[in-house]
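Take a look at this single chain in C-alpha cells; it is the form predicted alone.
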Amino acid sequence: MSFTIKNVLLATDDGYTTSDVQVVDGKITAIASNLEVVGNAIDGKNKLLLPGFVNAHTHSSEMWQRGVISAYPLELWLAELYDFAPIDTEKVYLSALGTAVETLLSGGTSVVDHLILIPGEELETIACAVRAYKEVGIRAFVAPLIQDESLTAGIPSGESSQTHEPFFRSTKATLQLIEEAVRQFHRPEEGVNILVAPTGIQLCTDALFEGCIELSDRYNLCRHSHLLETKAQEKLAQQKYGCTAVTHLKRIGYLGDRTSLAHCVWLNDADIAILAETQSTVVHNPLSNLRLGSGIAPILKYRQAGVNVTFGCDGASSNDSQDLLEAIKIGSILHNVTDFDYRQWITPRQAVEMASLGGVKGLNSADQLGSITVGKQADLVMYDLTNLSLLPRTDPIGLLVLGRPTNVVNSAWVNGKQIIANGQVTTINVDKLREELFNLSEWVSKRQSQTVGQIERHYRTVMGLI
C-alpha cells in the first residue's frame, strides 16, 4: 500500500498548487514537488486530489424501496416503509454493496449506515452489512438502528388519549444486542466501527438512551441519532419532556464531541447554543428533508454559532439516491434563500471541508482522517478535471460542488488501498451487483399501506390539517 501521486492539483488556502503526494503503509508521508517515487507511480496530471468525503447518515437497506414511497411526511412515510420493508439478509448485503459503490463514485470514502435490523436476525443483518463494506473496502461506521417504543408512539397525542402496542423487544435485550454487536464486529483497525444509535427521542425511552451512553463510554464508541427531523417531533418532545429535545438530551448526557445528530431541522437558538457547547455534530440531509417536507435546517445559524456540520444522503427511499456530491451541492446552495447576507453563504471550499473534515470530527477521527496532511491515513479521492462535466476550466472545486459532475472520480483510496482505478471499482464486480439488484426486484408503481390508512386521520388532526 505504498504509492506516489505525481503532479496532482491540491487546494491551498488561497488557490491551488501542483505537487506530489507520497503514501507509505496507508499513511501520507510526504507532500512536496519532485518527490522520489516510492511504490507505484500514479499520474496526477490534470487531476484534483481531495480528502475522501463522509456519507454521514444513511440507511442502506432502504435501497429496495427507492423511487416508490408515496409523497408523505416522515411519520406516514415510515408507516409505508415498514409495511413493505420485510427483507432478507441477502438483500441487506446487496444494498450495502450498492450504497458503498454509489458513495465511492460520488467522492465518499466513509459511510455511516444507520442500519435497519431484521427482527429476529439482528446480528445476521449487521454481519451482512459488515461483510459488504469490507469486500468493497469503504470505511464503515455501522450504527444499528434501535428503538424500544412502537411506531405510533412517534406521533404526538394531541388532545386525544393514545395507547401504543409494546415494542417487541425489551430495552434490556436491545442493549445486550448492541453490546454483542460491538464484541463481534467493532474492528476500527480493519475499517469497521460500531456506533450506538437509538433512532431518536420519538421512539426511544430514556432508559435506552442512557444504556447507549454507558456502552459508548465503556467501549469508546461514537453516538448517532436522528434529532428533530419534523415539526411533529418538536411537538412530541414538549409532550414527553416539557422542554426541547436538545435540552433533554443534554440533561441525560447524550450530547458530546463523539455524537452526530441527523437532520436537526426544528431547533431554536438555545438548542443551537447547546450543540455548540457540547461540540456535537449536525448531519445535514437536505434532500430527504425536502422530499418529506420536513423543512430546511438552519445550517447557517449552526455554522455561525460554531457547530460542526457535515452532510448525509439519508436512506435511498427518502432521498432516492446515494449521490454525495448532489447532497453537498443542494446542502450548500439551499441556504442562500434563508439568509440575505451573502457573506454567510456556504462557499464550495467550505462545503468540501464540511464533507470531509466535518464528517470525521463527528466520528472522533479528525486526528487520523479528513485532510491531506502528513501523518494522516490515506483516504483520498482523485477527480478527472478533463471530464466534460468539469469543463471548461475555471475553479476545480467550484465545478465539483456547484456543477453537475458525472463519472468524475478517477481514483479512490481507503487507508492507502486503491478501491477505484480509472473510474472503475476494483474490489467487486459491479456488473454482477447490477444484475443481482435487477433480478431481485420488480417494477412497481402504486400500492396501498394499511398502516397509513390507520394513522393518517390522527396525524392530520394533530398537525392541524383537518
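Since this is a predicted model, take the numbers as computed values, not measurements. For every residue, the number given is its place in the sequence shown, counted from 1.
What comes next is about the form predicted in complex with a further copy of the same chain, which is not displayed.
K.L.:
Does Val374 reach a further copy of the same chain in the predicted bound form if we count a contact as any heavy atom within 4.5 Å?
P.N.:
Heavy-atom contact with a further copy of the same chain at 4.5 Å: absent for Val374.
K.L.:
In the predicted bound form, does Gly295 have a heavy atom within 4.5 Å of a further copy of the same chain?
P.N.:
Answer yes; at least one heavy atom of Gly295 falls within 4.5 Å of a further copy of the same chain in the predicted bound form.
K.L.:
Is Met1 close enough to a further copy of the same chain in the predicted bound form to count, meaning some heavy atom within 4.5 Å?
P.N.:
No.
K.L.:
Going by a heavy atom distance of 4.5 Å, is Tyr82 a contact of a further copy of the same chain in the predicted bound form?
P.N.:
Result no; Tyr82 lies far from a further copy of the same chain in the predicted bound form.
K.L.:
Note which of Asp341, Glu165, Asp367, Glu90 lies within 4.5 Å of a further copy of the same chain in the predicted bound form, where distance is taken over heavy atoms; exactly one does.
P.N.:
Only one listed residue qualifies here, and that residue is Asp341.
K.L.:
Counting non-hydrogen atoms within 4.5 angstroms of a further copy of the same chain in the predicted bound form, say which of Tyr302, Tyr72, Phe185, Phe209 makes the cut.
P.N.:
Contact check passes for Tyr72.
K.L.:
If contact means a heavy atom within 4.5 Å, which one of 50 to 58, 34 to 42, 436 to 444, 414 to 422 is the stretch that engages a further copy of the same chain in the predicted bound form?
P.N.:
In short, 436 to 444.
K.L.:
Scan 48 to 80 and note down the residues that get a heavy atom within 4.5 Å of a further copy of the same chain in the predicted bound form; none is a fine answer too.
P.N.:
Heavy-atom contacts to a further copy of the same chain in the predicted bound form: Met63, Trp64, Gln65, Arg66, Gly67, Val68, Ala71, Tyr72, Pro73, Leu76.
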